[in-house]
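Shown here is one chain on its own, the form predicted alone, set out as structure tokens.
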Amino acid sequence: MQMSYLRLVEVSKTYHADGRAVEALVGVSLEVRQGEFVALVGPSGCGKTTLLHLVAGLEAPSCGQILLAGEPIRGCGRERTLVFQEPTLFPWLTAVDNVAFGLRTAGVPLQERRARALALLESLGLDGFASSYPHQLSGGMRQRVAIARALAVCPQVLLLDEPFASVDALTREALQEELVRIWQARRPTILFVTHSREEALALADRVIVLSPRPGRVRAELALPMARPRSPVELAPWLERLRDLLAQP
């Protein structure tokens, strides 16, 4: 894997509202290797989602620089896709058409984009639901469709903002396993925001711990490469992460 594929250099973000400035992030510097799976954890309001939006190009940093493969990020790009906590599907499109939407806007021919979308749905266990509309799918199924849509354009960087927070525990576990399987097969670079310490430790190569707002990088934890990881194996890491998150 290449070093420093994604770099944040002294990145800060300040919002202005009602005549006052609110600092979301201050002086965040971190490096992510190509193909690495990195989780971001921290207390609510510490800027985790803001950081994803900056990398996605939805917002610009107030100061500092974000580089991808050595080039500054300016605005959105197909090499970066973002999956939100709630699946943001088009209700008037079927599952297969939702997945193919990004391919259509990229000018991919109809037959090819449909074939790619169907293959992704099948890989996520949804091959029998290609013609279903979002309201006909469970929450876990809708999130699978959202992940398939993000993957359809073959992103170099996959950004996930608490994608499993709104599903039940069993569905969450199944989606975690599917995400790891897809990541191991495709090797996109992943930035994964979660409030679950256990989820971060189970999935990621490395966990970045942010301080309370304004968010700063407090610590980095490098996990064993082998997966799956047992609760016993992760116990010392969980204790360390709890200590870091408990600090003011």
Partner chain sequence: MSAGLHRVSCHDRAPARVCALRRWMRGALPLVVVALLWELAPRSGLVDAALLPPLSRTLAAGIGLVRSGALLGHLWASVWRVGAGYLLAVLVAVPAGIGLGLSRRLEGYVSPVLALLRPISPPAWVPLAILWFGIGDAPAIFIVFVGTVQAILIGIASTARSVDRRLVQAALTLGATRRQAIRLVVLPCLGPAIFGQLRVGLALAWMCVMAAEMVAVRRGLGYLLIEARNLFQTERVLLCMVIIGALGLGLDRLLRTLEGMVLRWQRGMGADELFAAGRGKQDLSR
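Numbering follows the first chain given and starts at 1. Rigid core (definition): largest C-alpha set, two forms, superposition within 1.5 Å. Here the structure is a predicted model, which is why all the values come from computation and not from measurement.
Below: the form predicted together with its partner chain, not depicted.
The putative spot formed by C76, L82 and P91 is fully lined by its partner chain in the model of the complex; each residue has a non-hydrogen atom within 4.5 angstroms of it. Only one of 137-145, 115-123, 83-91, 162-170 lies within 4.5 Å of its partner chain in the model of the complex by heavy atoms, and it is 83-91. Its partner chain in the model of the complex is approached by Y133, whose closest heavy atom lies within 4.5 angstroms of it. At the 4.5 Å threshold, heavy atoms of A150 reach its partner chain in the model of the complex. Proximity of R206 to its partner chain in the model of the complex: non-hydrogen atoms within 4.5 Å are absent; the residue sits far from the partner. At a distance threshold of 4.5 angstroms between non-hydrogen atoms, F129 is out of contact with its partner chain in the model of the complex. Shown without its partner, this chain lists R33, R213, H53, H195 as candidates; in the model of the complex, only H53 has a non-hydrogen atom within 4.5 angstroms of its partner chain.
Listed residues L58, V180, A219, L67 were compared with its partner chain in the model of the complex; L58 is the one with a heavy atom within 4.5 Å. In sequence order, F101, G102, R104, T105 are the residues of 96-112 having a heavy atom within 4.5 Å of its partner chain in the model of the complex; the partner itself is omitted from this view. Relative to the superposed rigid core, the position of the CA of E79 differs between the shown form and the other one by less than 2 Å.
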